[in-house]
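Taking the form predicted on its own, here's one chain by itself in structure tokens.
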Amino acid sequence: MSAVTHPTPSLPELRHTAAHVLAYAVQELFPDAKPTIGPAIENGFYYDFDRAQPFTPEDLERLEARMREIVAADHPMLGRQVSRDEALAFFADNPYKVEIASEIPQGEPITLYSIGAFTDLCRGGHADSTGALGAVKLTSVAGAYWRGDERNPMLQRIYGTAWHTQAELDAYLAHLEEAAKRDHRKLGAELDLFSLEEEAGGGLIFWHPKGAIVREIVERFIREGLRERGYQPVVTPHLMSEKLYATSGHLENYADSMFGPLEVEEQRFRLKPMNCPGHILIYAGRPRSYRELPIRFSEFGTVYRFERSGVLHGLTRVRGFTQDDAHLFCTPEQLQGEFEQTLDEALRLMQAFAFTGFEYALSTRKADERTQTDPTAEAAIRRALESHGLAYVVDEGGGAFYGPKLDINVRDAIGRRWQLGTVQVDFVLPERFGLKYRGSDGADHRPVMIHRALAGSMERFFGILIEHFGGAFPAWLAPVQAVVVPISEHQLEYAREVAQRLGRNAMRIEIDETNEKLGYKIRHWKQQRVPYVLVVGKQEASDGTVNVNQRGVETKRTVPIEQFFDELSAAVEQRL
């Protein structure tokens, strides 16, 4: 008998089917578990269950084995449309399904889908049968509040992944293993870059000396670009009157994400969640002429936003962070050119840090928030992208409350996508704050505002850099560029001389003065991912040379100190 063939489902359809198969297996093996929802997600799927007893790693193994049996049985995916009363009666013992069924709007179809003995409430989008699942793997269990609300019951979320073939699954699991090795939280501790201190509270980052060095280098690079493009540095307070955020609209739109209020002398203050109101006040502090525009203010401004503890994640989801923020005030005629130069600077930043696969998303405002100025702003963004020959997608309704925006996404060294730079065009805040400039006609006009943060935040950008480079920062960015390792204490004085000669021009050089064996020292500094380990022994001391152990290069070489100095200088200058 020939094997049964199935139409090839899309990956979302395949993964949605896998979620049903998981729920089927859970109901068979753990009848006390109530299934809730189970969507396909990027690279996999999950299903949430209400169960008093925690799922264990051994439980996942049993479930995965049962899922493979269900796949092998090749159950057809059978759907049928039912009335609301039928759906409520069918799921009468499952309050989660009852809640979902009750909220389906009148007139919309309600469908049930069955595989084998398991039936679920679902809109559809599946493979024709379970046999279409080529390879499936359960990966982890986590807690999740019902519908993401901490006032609701805590559920158990089982994550998994599904692929058309075992080879694709194996490649994905290898990718996960590599990502785990690059986890910035693990490397941050191993390389002594940063920490989160429990005593201080969650989501607050402590930058250690080595991490602070990298941050300073990144800031210096960004500042160079700002200075070249005519930005003026400003500094604004961390704490400002709540009235300011009422005027800007942040209080109305983001109150749940703001810290405060703090009451002082009958006045309410908030920790700033954004830098833009402060920059607006500086602009509005005196009369402005069209001859001054464009005005470009920049600030490495620290802001504070309340994130629930369940979503905090190392450097990439925090409560206090520093943005490479800037706000530009220009005439409508200058908008196009200003947006283009901002895009140029964003490209400079992404290329300098060796990101690839740039992707651009134009996010428009929601239909009910759109104003007559939105098409003008959107057109400026489109023309800027098209003038650079850059393809983009449109995210309808994804813009900020005050206008459309451009998001810049990049791919890291192992192909993961990260959203970094954001540039927003804003006609709303200038109107709210009554900003103006005196035009060439002698009349007052309203400026256009551009918000831009190209790295996003220094914390998140650093976390991405750690994972992108796997902690092995290129020489220009490395907190320690070279370590001088004497073979014995007899060469310690020469090692200090080498470090002193190399350390001129602010090169970052350390000396290993420990009494450990040479092999141990070299292994240690390689584990610390230092770009160069310079071994010096009796011969090197006599010849005025260093033996170079370069990261990622098997062959060792002995060169004069000045030659190595020139080599390291060239690497820094070329950002290698």
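Residues carry their position along the shown sequence, with the first being 1. Quantities reported herein were computed from a predicted structural model and do not represent experimental measurements.
As for the form predicted in complex with the RNA, it is not shown, yet the points below apply to it.
Across the proposed site, P209, R496 and F564 without exception lack any heavy atom within 4.5 Å of the RNA in the predicted complex. Segments offered: 82-90, 213-221, 238-246, 146-154. Contacting the RNA in the predicted complex at heavy atom distances within 4.5 Å is 146-154. Proximity of G202 to the RNA in the predicted complex falls within the 4.5 Å heavy atom cutoff.
Although the partner is absent from this view, L29 stays clear of the RNA in the predicted complex, with no non-hydrogen atom inside 4.5 angstroms.
When contacts are judged by a 4.5 Å heavy atom cut-off, S309 counts as touching the RNA in the predicted complex. Using a 4.5 angstroms threshold between heavy atoms, A142 counts as touching the RNA in the predicted complex. Of the residues given (R123, R383, R348, R317), R317 alone sits with a heavy atom within 4.5 Å of the RNA in the predicted complex. Note on contacts: among P277, G456, G225, G470, the single residue with a heavy atom within 4.5 Å of the RNA in the predicted complex is G456. Scanning 513-551 for heavy atoms within 4.5 Å of the RNA in the predicted complex gives N515, E516, K517, L518, G519, Y520, I522, R523, K526, Q527, V535, G537, K538, Q539, E540, N547, N549 in sequence order.
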